[in-house]
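Take a look at this single chain in structure tokens; it is the form predicted alone.
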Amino acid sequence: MRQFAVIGLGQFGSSVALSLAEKGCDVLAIDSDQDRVDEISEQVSQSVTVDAADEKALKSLGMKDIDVAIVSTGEDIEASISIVLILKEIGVKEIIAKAVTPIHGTILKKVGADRVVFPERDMGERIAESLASPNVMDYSEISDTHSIVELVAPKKFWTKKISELRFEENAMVSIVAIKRKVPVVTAEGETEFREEINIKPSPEEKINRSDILIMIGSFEGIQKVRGIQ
């Protein structure tokens, strides 16, 4: 099992730590604020109150055995840079760091972060995408060239097989999953609708009116599909 360390238990860091713990991951949660550590202590594998910018203190936690460290002390720019430097020296396999500005992100990469995230910017972009395109349920960039989107099936797709849409040929976009409401009869004899997800649907799968399509592809391809009514 991969071992994670989350350094900085603000809103973003706590959310990451709890989500990893819920998925059964081994999580070491670190913050200099005792109250923040106490809030999360019973839900993660281990929690420690320590100033992570203190090199000796951080090294004493056995960080060399950590597979992925998430540095979420973004608001304290100096501390986040110092922590990434220390983690790099220790030899942590993968370092993900939160940045608050593009310059901050550039510096974090230069000192050793393998990946830099901008939670506030990314969330703003996702909200803007959903507002600009009401049929877009969720949107996330997964690289410099590709993104993943949850899209309400356009009317043009209804009753058609995936193979008939010829996405990969025309737009270099793939449907990787379909969310669908299916009727279920409860123990009380009532009918209710529950969401099921079909991972890697067959090319012969037909698109229903209320389906949510999870699609991955190039920015241009996703943009093309989003324009279909």
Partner chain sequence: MNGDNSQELEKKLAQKKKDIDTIIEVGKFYFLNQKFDEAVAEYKKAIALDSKCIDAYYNLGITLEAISDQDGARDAFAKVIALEPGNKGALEHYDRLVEK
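The structure displayed is predicted, hence computed values, not measured ones. Residue numbers count along the first chain shown, from 1. Superpose the two forms; the largest set of C-alphas matching within 1.5 Å is the rigid core.
Separately, the form predicted together with its partner chain exists; it is not shown, and the next lines address it.
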In the predicted bound form, does every one of 78, 107 and 121 come within 4.5 Å of its partner chain, counting any heavy atom?
no
Heavy atom to heavy atom, is residue 210 within 4.5 Å of its partner chain in the predicted bound form?
yes
Wondering, does residue 197 line up within 4.5 Å of its partner chain in the predicted bound form on heavy atoms?
no
Consider residue 148 of the chain shown here, and say whether it contacts its partner chain in the predicted bound form, taking contact as heavy atoms within 4.5 Å.
no
Look up in the predicted bound form whether residue 137 has a non-hydrogen atom within 4.5 angstroms of its partner chain, and give yes or no.
yes
Tell me which stretch of 177 to 185, 33 to 41, 197 to 205, 55 to 63 has a heavy atom within 4.5 angstroms of its partner chain in the predicted bound form.
177 to 185
Please identify the residue among 111, 100, 90, 152 with any heavy atom within 4.5 Å of its partner chain in the predicted bound form.
152
Core superposed first: is there a CA shift of 2 Å or greater at residue 190 between this form and the one not shown?
yes
If we fit on the core, is the Cα of residue 96 displaced 2 Å or more between this form and the one not shown?
no
